[in-house]
Structures are given as C-alpha cells and as structure tokens.
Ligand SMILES: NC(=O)c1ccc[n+]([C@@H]2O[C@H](COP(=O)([O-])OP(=O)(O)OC[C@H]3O[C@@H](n4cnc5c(N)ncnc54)[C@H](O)[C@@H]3O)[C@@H](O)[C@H]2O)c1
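In structure tokens, the next block holds one chain alone, the form predicted alone.
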C-alpha cells in the first residue's frame, strides 16, 4: 500500500522541503496550502487548496486526501508587523494564533479520529519553534502560538498513546526561509557573534530530515518529544 503524508504549509520553505523528502522516500504526498504551487514537485503529489484558519474546510480536505499515515503540521504565520508587546493588537493576536494554534489543533483532532480506525504505522509531527520557549517581545503572538503547539503535541501524544500513534514536534531554530528573510542581517550578525554552536543558518532540509525520521517509524518508541533543529541554540553555555 502506498503511504500517504498530509503536509500543511506545503509551499513554504520548510513545508516544501518536507514534501520533497517524503516524495524522495517513495511516499504519496498531499500538500495543503492556501496558495497554489509555482511548480509541481516530482512524484506522487496532490495539491489541495486549504486555509488553516477556516476549520470548516477540514472535512473536505480529509475526504480528498484519503487515508493518512503521517500528518505533518507545518503551516504557520508570523505577525504581519513586528511591534512592541505593549502595543500588540487583538487583531494580530487572533490572526497568528487562529492559524498556528487553533487551526493546528482542530486539523490534528480530525486526523487523529481518522487514524485511530487504522492506527498501524501512523504518526503526527508538528512544527513548533525555538520561539515556543524563547521570549521575543517584538512578536509575542508568535511565541504564544508556538508554545501552544508544544502543548498540542503533548496532549495528543498522551491521548493517542493507547493506539500506538506517536506524536512529536520539531522546533526549528534560525532557518533560511521567506519568514526570516527580512531579518537576515540581524541573524547574520548574531550567528557570527557566536549565538549558535554550529555557526551557520539552518536549512529547510535540516528540518525535513528530522520530520521524516519521526514520521517514518525510525524512532518508534519516541512520543511527546521536542526535537531541536537549531544548531545548538537551546544549549546553556558559559
């Protein structure tokens, strides 16, 4: 049987790297994204338009996707504009958490209900962030939303353990994507100054490698875990 992975945010930097990795490994991939792809990846790939902020579209997405063995929750947004925490608007908060946290929760819930009917070899992987535990007061809504994703991971890992369905998350660090392109000079300087033990930007492919390991059954006794793909940022150093 062909194994199917549903990957949200399929055409962002990390999402597309995940799509390519799963296709390379012989999986069928259903890519869900609000925007159509500029190019169709090679392999057994299906694009389904999907807005994660519209939870009413989840049933149609899953109906079109078919039986899913791996759910990879990549889709996420940053605030439209960075600003002081004291000036954060309710509109910005709702925009970011509505997609990153609420949307991720209810899609995971729906896929979990499908998976428990045929749980063998199923897995869920969430893309969280170093921002789940690192304060960044110019984009507080993003930090809050990713901390929420970390708890979503723990909750579903606990709930689905009886079905032997692992649920884990990958926490990317400073990854070269469109989301970080606007702050490239800032992070270039921080990396050069020793912020990271591994002194380079992360690549989307670095994240995809960790995602595939968790989703493919390579680590069958791991659940509820956060894997830091961050060049060692999380290390406490003197």
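Positions refer to the first chain, counted from 1. Everything numeric here is computed off the predicted structure, so don't read it as measured data.
Beyond what is shown, the protein has a form predicted together with the named molecule; the following relates to that form.
- Checked against the named molecule in the model of the complex, the residues 152, 77, 165, 111 give one hit for a heavy atom within 4.5 Å, which is 77.
- A heavy atom within 4.5 Å of the named molecule in the model of the complex is found for one listed residue only; from 210, 174, 30, 196, this is 174.
- Only one of 188 to 196, 22 to 30, 44 to 52, 63 to 71 places residue heavy atoms within 4.5 angstroms of the named molecule in the model of the complex, namely 44 to 52.
- Proximity of residue 40 to the named molecule in the model of the complex falls outside the 4.5 Å heavy atom cutoff.
- In the model of the complex, no heavy atom of residue 215 sits within 4.5 Å of the named molecule.
- Using a 4.5 Å cutoff between non-hydrogen atoms, residue 156 does not count as a contact of the named molecule in the model of the complex.
- When contacts are judged by a 4.5 Å heavy atom cut-off, residue 99 counts as touching the named molecule in the model of the complex.
- In the model of the complex, 33, 34, 35 are the residues of 29 to 48 with at least one heavy atom within 4.5 Å of the named molecule, listed from first to last.
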